[in-house]
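First, one chain by itself in C-alpha cells, the form predicted alone.
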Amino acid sequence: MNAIQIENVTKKYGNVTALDNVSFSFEFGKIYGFLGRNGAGKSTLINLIANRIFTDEGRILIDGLPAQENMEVHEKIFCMSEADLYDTSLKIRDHFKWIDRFYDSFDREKAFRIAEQFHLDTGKKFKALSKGYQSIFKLTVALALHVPYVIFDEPVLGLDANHRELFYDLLLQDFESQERTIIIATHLIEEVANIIEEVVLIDRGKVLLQENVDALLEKGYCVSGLASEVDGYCQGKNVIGRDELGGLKLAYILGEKDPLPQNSRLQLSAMNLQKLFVKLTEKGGN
C-alpha cells in the first residue's frame, strides 16, 4: 500500500500520554491538512514519522516498510521541521551541497531557482538569516526534494504575506508537476483551506476525524436566532458548539441540514474550516 500507515501508535512522556492508540493513514497523492491545538500530539506524531523519536507501542509503515531506523525509507520521506536542525555556521549554498550528497532526489538547481524567487541570499550563513528567511531556506529544501512524502511543520513561520503566497503557489505547481503526498501541519487554517484535500484533526492524543474537506464543510453549518427557536431546531442534531449573547444564540452543527420551519425567523449559514476546528476541539471530540 502506497501510504504512511500509523498503526495503533502510543507515545508517552512520563505520565503524559501524547498519543493514545492512534491509527490512520496518509494516502499517496493527496494534500493533507494535519490540524491540532498545541499539545494535541501533532508534533509528536510528526517526529515519529520522521524517525526522530520512537513509539512505545504500535508501528509506522511507509509504503509497507517499517519507518523506524530503516534506511530503505530515507528517499521516501522528508520533514520540514519548525525546529532548527541545520548547522547554523554553514552558508546556505553549502547546505545545498551537503543535502545533495545525502539525498539522490535533491535537485540543487531547483533549490537555487527557488531561493532566487524568494530573494534568499545563498551566500549567507544560516545563523545570519532572519527567522522568516530561515523558514524560507527550509521550505526551499523541501520543495527541491523529489520524495513521495513531504511534511511541512508550520511552514510559513515568520513569513510575510507575499512570501506565504509565493510558497503556496510553488507548492501547488510542484504538486501538479509531480504527484506525491504533502502534509501541512499549521495553525493558519484558513490560509490552507483552499489547498488541502483532506483534513486530519487530532486532539488530546486521539484522532477526532479524517475526512475530505469539501464533504466536511458540506456537513458543517450554523443556525442563529432566538435561543428558544435555536434550541428547538437543534433537537436530535450533533451540536458541536454554541455561542450566546443575551436572548440570541448561534449553534454549530455537524450533520444533515434540515430545512427551516415555515415562517421561521432562524437563519442558516455556512461554517468555515477554522470555526469547525475550533468548535470540535473545544468539545474535545465528545
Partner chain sequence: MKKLKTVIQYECLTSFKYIWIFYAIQYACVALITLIVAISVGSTEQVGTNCLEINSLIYVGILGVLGFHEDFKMLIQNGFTRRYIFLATFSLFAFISAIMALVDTVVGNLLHALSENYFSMYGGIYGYGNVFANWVWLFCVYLFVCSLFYLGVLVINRMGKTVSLFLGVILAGIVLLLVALFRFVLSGEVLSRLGKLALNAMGFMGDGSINLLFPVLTFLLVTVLLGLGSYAVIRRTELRG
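Numbering follows the first chain given and starts at 1. From a predicted model like this one, the values you see are computed outputs, not experimental measurements.
Another form, the form predicted in complex with the partner chain, is not on view; read the next lines as being about it.
Among heavy atoms of Q178, none comes within 4.5 Å of the partner chain in the predicted complex.
Residue contact with the partner chain in the predicted complex: K124 places no heavy atom within 4.5 Å of it. Within 4.5 Å of some heavy atom of the partner chain in the predicted complex lies at least one heavy atom of E75.
Looking at H95, you'd find a heavy atom of it within 4.5 angstroms of the partner chain in the predicted complex. Looking at the partner chain in the predicted complex, residues K11, Q68 and L90 each place a heavy atom within 4.5 Å of it.
Remark: of stretches 192-200, 112-120, 207-215, 81-89, the one touching the partner chain in the predicted complex is 81-89 (heavy atom within 4.5 Å). R52 is the sole member of R52, K237, R242, K257 with a non-hydrogen atom lying within 4.5 angstroms of the partner chain in the predicted complex. Residue-level contacts in the predicted complex: of L170, I99, L159, L129, one residue has a heavy atom within 4.5 Å of the partner chain, and it is I99.
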